[in-house]
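Just one chain follows, in the form predicted on its own, and it is written as structure tokens.
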């Protein structure tokens, strides 16, 4: 029989039942591999119900540093009878299937081209534990112990990961180590010969950390000066506010009085949540809400108010599959057009596109400076894949000398020295950004009404079409000013001189990098550009103009980023080709390569194709 042989380059998929407590055990596995300085990343694929349905945890081990999802499975751990047929079918020829042999496996599930590893997990648990819940939980740790043995993971490292995972809960450490030992000993006794897959210690991680994007967003908000967080819980963004509250309770409490220097408010719905953010922003606080697509839909009218009244606000949109309820626990990049032009009437909103936990941290902090400087809502566009999965990341860094940029806020002395009438919507500097004041700054000067209806330059109510047009024209000037504050697009692969260009944004990063690494080995040369923000910078149009053909990678059906580019720039539509993925799973390098090469053969001009092949 064929056997898969791989050292530090393989995929393990663990199939279980939602609510069975498997995530904690699976985390011990991936953290042990990383502790051996071998890059590994995990994807948790879970249903939207509380418990009972199938869930999968996919661990990719890659000393080449590939962190994207992949459809290849070399080792399947089958713990769910309901999905076992589908799970075994996924394993590549020569791969491995670990199953609970307490009950015989149906002959229909026996493949002749895979290796089966039978461990009577339930029998061992029934012998070792009396409590039914303990039997379930420790069964998970037992199969991790078996994997530690089979994959040659250092046993002492796995024990250390249990100590770290349950620090502060000492009574749980010894029982978990005992369960780990049970699985390890059984595999050692019954499968002493090495299998074709193994983990060997390397020195490839260095100072990198493992963190999820939602935690990084929360830390960015904390370091960015946020003091108010409001939200209505919604998957997959809830953990942003939960993490912010946890961090703020550690770092935003006055040491002398014990008073909290922050506020976290759970609203009755998403509409109230964004209303609170706008109220806090008008009053001078740095405030944010975290939500997902359905929440964005509900908040639209308030986005228009903040845009038109010019009030700072930060929104973390952790995108999921829509429309309607869609797939609540699956990932997508499908809120781009919804947020870029959110609300009725003519609006344009700033979008930031982080692609790593490090950028989640960086862009979250930046968002509060941008909101204050531009006096407008700022959207940080993450997604479920980036937000809820732990990813190897460069350490988060903060410059302690950095000062918050509050923008054009007039203090009491400036107002006192003002000889003319204060105009809240008066463009003094010609950049479209007006001077604002905060309530209570001066006893008599600087007061104004904030209103969502039309107003003149002095914030007075007006139904004059001339006043309305004047205000809208100035907002467009401010939009053009915003360009200079945006993070620039970054060329990640190539020198900009290839005939073919590829553009991506957000969590497609890891799959895009891997795909172009692979296509380079196929003698297909392309430049790779990461877009980081909207409004788009001039470097993006220059990139598009300098390439014969440009592919846009995005995780939605309707090519929303491509649509945005075509709307904002005078680009021939035939020049842009889309690579789309929208089934709710994270995009893979294989998917990109398939669409990329297929379109090169079928849609790219013959002259360009001939030059590529000649090169």
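This is a predicted model, so every value here is computed, not measured. Residue numbers count along the first chain shown, from 1.
There is another form of the same protein, the form predicted in complex with a further copy of the same chain; it is not shown, and what comes next is about it.
- In the model of the complex, no heavy atom of residue 190 sits within 4.5 Å of a further copy of the same chain.
- In the model of the complex, a further copy of the same chain sits beyond 4.5 Å of every heavy atom of residue 186.
- Contact check for residue 560: a heavy atom falls within 4.5 Å of a further copy of the same chain in the model of the complex.
- At least one heavy atom of residue 322 is located within 4.5 Å of a further copy of the same chain in the model of the complex.
- Residues 64, 129 and 153 are none of them found to lie within 4.5 Å of a further copy of the same chain in the model of the complex, as judged by heavy atom distances.
- Checked against a further copy of the same chain in the model of the complex, the candidates 408, 348, 115, 135 yield a single residue with a heavy atom inside 4.5 Å, and that residue is 348.
- With the partner omitted here, the residue from 356, 297, 525, 456 that has a non-hydrogen atom within 4.5 angstroms of a further copy of the same chain in the model of the complex is 297.
- Partner contacts here mean any heavy atom within 4.5 Å of a further copy of the same chain in the model of the complex, and among 67-75, 191-199, 426-434, 473-481 they occur only in 473-481.
- Residues 321, 322, 323, 324, 325, 326, 327, 329, 330, 332, 334, 335, 337, 338 are the members of 314-340 with a non-hydrogen atom no more than 4.5 angstroms from a further copy of the same chain in the model of the complex.
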